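Here you get one chain, nothing else, as structure tokens; it is the form predicted alone.
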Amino acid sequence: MNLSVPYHLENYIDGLLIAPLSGKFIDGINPATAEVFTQIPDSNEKDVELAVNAAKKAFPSWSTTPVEERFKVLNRIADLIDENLEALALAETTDNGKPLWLSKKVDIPRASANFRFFATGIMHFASESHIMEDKAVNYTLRQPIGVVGCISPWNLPLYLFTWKIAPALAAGNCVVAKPSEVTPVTAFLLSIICKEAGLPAGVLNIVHGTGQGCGEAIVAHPSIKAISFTGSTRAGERIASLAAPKFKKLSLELGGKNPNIIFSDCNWGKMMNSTLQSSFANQGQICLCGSRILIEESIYDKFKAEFVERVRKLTVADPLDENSRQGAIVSKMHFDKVMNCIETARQEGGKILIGGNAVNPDGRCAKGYFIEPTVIEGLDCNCKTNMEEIFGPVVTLQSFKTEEEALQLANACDYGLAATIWTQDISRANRVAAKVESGIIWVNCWLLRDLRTPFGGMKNSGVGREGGWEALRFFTDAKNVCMQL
């Protein structure tokens, strides 16, 4: 199996790799070098129509395939991802700009874990029954929806692409999927893996293109009955406006502006190590990053001094350098956005304690999109910098005196995806966890993920939940059967 990246990527439709019908392509740029390294199909509604027709044709057979057979195919995909870890990790880093060691350690292993988890999970997925004394028995059928759409973001390309596709396929659906046009390469390579694994033609169709030209065609297509989307809140609003009038099922995992709440009785060393990670992992381009660091006043100065010194030691370098701890920002457009956000923080009166500048590493990365990890203090909780998602290597520091003030700061913005709480007081941990308006709460840890647990946010951070049984429930329709005794 050849997992090299061709200059022209192709769509994967009905088991075949084919060029976009328009013949048009988009430049694929390596953000570390700012050079074009591949061409991405600029697909439109005609390509989506082909993919939907292929999925509809494949659905009757795949939806009735025994779960043991589905398990074998999906588990084989997981095996092939593991076997090709090196090639996939290099492709991910070239496409996204993240350090190569991170792609090897996190992104690609998680992609195989997603397939393996749901391949196994579908064999244990059960429905309910209810007895009405001596009158009747009610039982629930969980049946695949049909053709579903999965649209994933650029920050964790294969990781989040498979997070959607795997449960949809495991549940017996056929999928039309669109990866981000910014980072599509590993999704293309997944096409080759699926062919090798024996996934039947039409069960998974991967169509590349822009959100406006391709993504909206998927969302609006009348034969696509459910949409699972991860991305910005702005894009989520647009998707909801298109899908809601057609009564499609929606799962929207959107933005975050997550608080990291640090009390004075925390385990200092563990907190400091994890806070450094939760602030700047993947260049801060993870929706779960703790971008608002809230510190109890009595330890604020101590925290600030040590944290800034630790940030100073983070190496911004070529993603292929094993010593690099900060890679490239994913694109020139996003680089400009993050730099503008830093300038906004300055205008709002923020004091930049460290960072705030573009970086130009030596050698092949001299023209790449790199930004120093940036720490800002002195901003009001209601300012733009503390209210809007930046999605880059930028965090703010705020102090609080009491538990009540910490909660006010934590809940001040319109997002509610994740939060981290650092305290050794178990009663306080439980109180604060119950009152923080976030769908995911970590206590004395960060990004510790059990795939069985529900994943999703409150407020402007989305609608619905992914993960575990929640994902399999989303990708099935429940049917009650009442049988009189």
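No experiment lies behind these values; they were computed from the predicted model shown. Just count from 1 along the sequence shown to find any residue number.
The protein also exists as the form predicted in complex with a small molecule; that form is not presented, and the subsequent description refers to it.
Just one stretch in 110 to 118, 89 to 97, 372 to 380, 204 to 212 has heavy atoms within 4.5 Å of the small molecule in the predicted complex, so which one is it? Result of the contact check: 204 to 212.
Is Ile421 close enough to touch the small molecule in the predicted complex, meaning at least one heavy atom pair within 4.5 Å? Residue-level check for Ile421: no, no contact with the small molecule.
Can you work out whether Arg364 and the small molecule are in contact in the predicted complex, taking contact to mean some heavy atom pair no more than 4.5 Å apart? Contact with the small molecule, no.
Does any part of Pro259 reach within 4.5 Å of the small molecule in the predicted complex? Heavy atoms only, please. So Pro259 does not count as contacting the small molecule.
Gly231 within 4.5 Å of the small molecule in the predicted complex, heavy atoms: Contact check for Gly231: yes, within 4.5 Å of the small molecule in the predicted complex.
Among the candidates Leu254, Val148, Ile295, Ala166, the residue which, in the predicted complex, approaches the small molecule to within 4.5 Å (heavy atoms): The residue from Leu254, Val148, Ile295, Ala166 that makes the contact is Leu254.
So the small molecule isn't shown here. In the predicted complex, which residue out of Val316, Val219, Cys341, Ala197 has a non-hydrogen atom within 4.5 Å of it? If I apply the 4.5 Å criterion carefully, the residue I get is Val219.
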